[in-house]
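Only one chain is included here, represented as structure tokens and corresponding to the form predicted on its own.
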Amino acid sequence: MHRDAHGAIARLFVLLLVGLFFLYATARPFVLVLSKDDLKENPPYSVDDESSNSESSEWEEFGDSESKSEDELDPGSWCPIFEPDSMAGASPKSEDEALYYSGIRKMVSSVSSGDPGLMEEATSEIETAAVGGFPHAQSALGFLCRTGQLREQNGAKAFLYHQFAADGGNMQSKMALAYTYLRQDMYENAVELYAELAEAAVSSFLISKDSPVIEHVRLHTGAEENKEALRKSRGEEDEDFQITEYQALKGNAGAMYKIGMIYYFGLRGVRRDHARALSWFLKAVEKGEPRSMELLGEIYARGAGVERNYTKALEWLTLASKQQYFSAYNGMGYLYVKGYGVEKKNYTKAKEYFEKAANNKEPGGHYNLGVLYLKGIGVKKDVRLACNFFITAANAGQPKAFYQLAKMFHTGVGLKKNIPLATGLYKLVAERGPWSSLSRWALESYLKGEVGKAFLLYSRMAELGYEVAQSNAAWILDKFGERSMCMGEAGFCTDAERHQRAHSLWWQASEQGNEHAALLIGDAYYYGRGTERDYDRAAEAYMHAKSQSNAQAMFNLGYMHEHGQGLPFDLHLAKRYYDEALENDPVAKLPVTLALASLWIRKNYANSFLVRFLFGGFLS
């Protein structure tokens, strides 16, 4: 999240701890805290006047339209290239669409094979489709302009192409535009886009239980590759996966459920496969595994890998609920609210099911009750009570509740209007949308050794505002150099182009709270790597990293004070920073001890030959 949105959150005083929402989109866990000042005195408990009705008409959660597939929620997705099995039988609907996907395939092949000629063909096809008005090609062209691939880097052109694409319904361009506005503190523009994106993301969530949080894996821990996280993400080659699969093949129902979950969501680096997930869930329920019953209800309700069948969905959810899986009541209530798989809508029955879920400590039940009271569906409208339900659900980490709280901050319904905070909350939810599949494909490519493909995908994701992708793309550039297959203005990136692009990516990540990125930016300015040496800007970056309790940044600030580089020459402040570095990281003991010895010599033998001999070079 942008630093000002972080600041808006930090200024809130503790009264109601709404919860921890670990989305791994930011460098640090997101904590939302509300105060009395945020709770609106008006409207009263019951809201029935005409103005409130028109205002709440925007709160469409249980709409009449059927839930959309991920392909419908993220039109123009690169899924046909990276998950072709899921798109079997689909064919381009127009010549421009065929050109677009041909261009994307060639672009991916170019960075895989190291053939710049393929990239030239790719950009030509994408441009042709874009000129023809195909919005998804315009989005890809915006990406090429933003990153300067076989053309001059041009943010203004990128913005224009993304605007055209967004007007044509491309959601990834809307993400790119929203992030662009956010970086410029244009919250009024950003919040509208993030609100739409978050709504689409929520539409992709499960209807009964919470979707698992799929962590965007960090490729590095700073200077080193994140071997432990990568080991756990090796897909079907992972030892833990193979053990679980072996147990499933031997008839272990719990293992069958776990394998089904891994394939359904594409967890642990495994390629998503709804057909295989369905097969494992069906095998598990034959052995009476109740969690699989609930997932089968989800699968039939969403039509994931099977033809959508709400009657079957209700049957499976009902069976799961009878096995004490109380989250299934949420899905059953949802079907009664929508009138799917039942004779007609029945709000009374829906409320009963939501209450059963809530009474059994299911956060989704609290969320769904909140929606009923917010909209007055089958109950008397009560915004205050709805807000309480959302807070309870959010406190348990329910992502849809964060979405509703964002809407309250956005519209001023139930909570005082706070556009920066609403923007930040929407962004967190939006980053769980179907376009986050880019992260799975990038990780899969990286683990196969296809570094160029991984860099391309992380670069696309970075443009959409994902901090972890910005960090991963920058790290690939620094770690692999030419092997990153970075494409520059006239072919593969020169050293200067790679340094500049890495610098830009690290800077964006640092804006979103990545302390390691801020440290690297400081180093770039201090040593003049990829940019002109600038001690003042180095100190500014180190201060940013220091504010996030980074011991290395504290040490560097101490050093700069000791030697008067970018900061006033001040031995007292230097000692304070050295001491803070040691307090925050015991590993700093040796360098801090040496630095303090240096300070002691400088203070006690200020004008001696020893000081001039040892430190003269620093002061000249």
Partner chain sequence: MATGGTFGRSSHEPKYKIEFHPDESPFHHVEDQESLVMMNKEGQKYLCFLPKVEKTKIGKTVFQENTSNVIVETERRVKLTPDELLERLKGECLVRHEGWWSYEFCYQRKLRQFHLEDEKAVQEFILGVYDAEATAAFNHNLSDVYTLKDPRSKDASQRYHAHQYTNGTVCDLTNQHRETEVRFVCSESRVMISSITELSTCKYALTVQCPLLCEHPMFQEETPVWHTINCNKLPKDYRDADVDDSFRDKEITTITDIEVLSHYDSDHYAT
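Numbering follows the first chain given and starts at 1. Here the structure is a predicted model, which means the values were calculated and not measured.
Below: the form predicted together with the partner chain, not depicted.
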| query | finding |
| --- | --- |
| Candidate stretches 289 to 297, 437 to 445, 219 to 227, 147 to 155 - the one whose heavy atoms come within 4.5 Å of the partner chain in the predicted complex | 147 to 155 |
| Residues 83, 232 and 277 all lining the partner chain in the predicted complex, heavy atom within 4.5 Å | no |
| Residue (of 102, 359, 124, 184) lying close to the partner chain in the predicted complex, criterion heavy atoms within 4.5 Å | 184 |
| Among the candidates 241, 340, 492, 507, the residue which, in the predicted complex, approaches the partner chain to within 4.5 Å (heavy atoms) | 507 |
| Interface membership of residue 160, the partner chain in the predicted complex, 4.5 Å heavy atom rule | yes |
| 4.5 Å heavy atom contact, residue 567 to the partner chain in the predicted complex | yes |
| Contact of residue 168 with the partner chain in the predicted complex (heavy atom, 4.5 Å) | yes |
| Contact of residue 515 with the partner chain in the predicted complex (heavy atom, 4.5 Å) | no |
| Residues within stretch 534 to 548 having a non-hydrogen atom within 4.5 Å of the partner chain in the predicted complex | 534, 536, 537, 539, 540, 541, 543, 544, 547 |
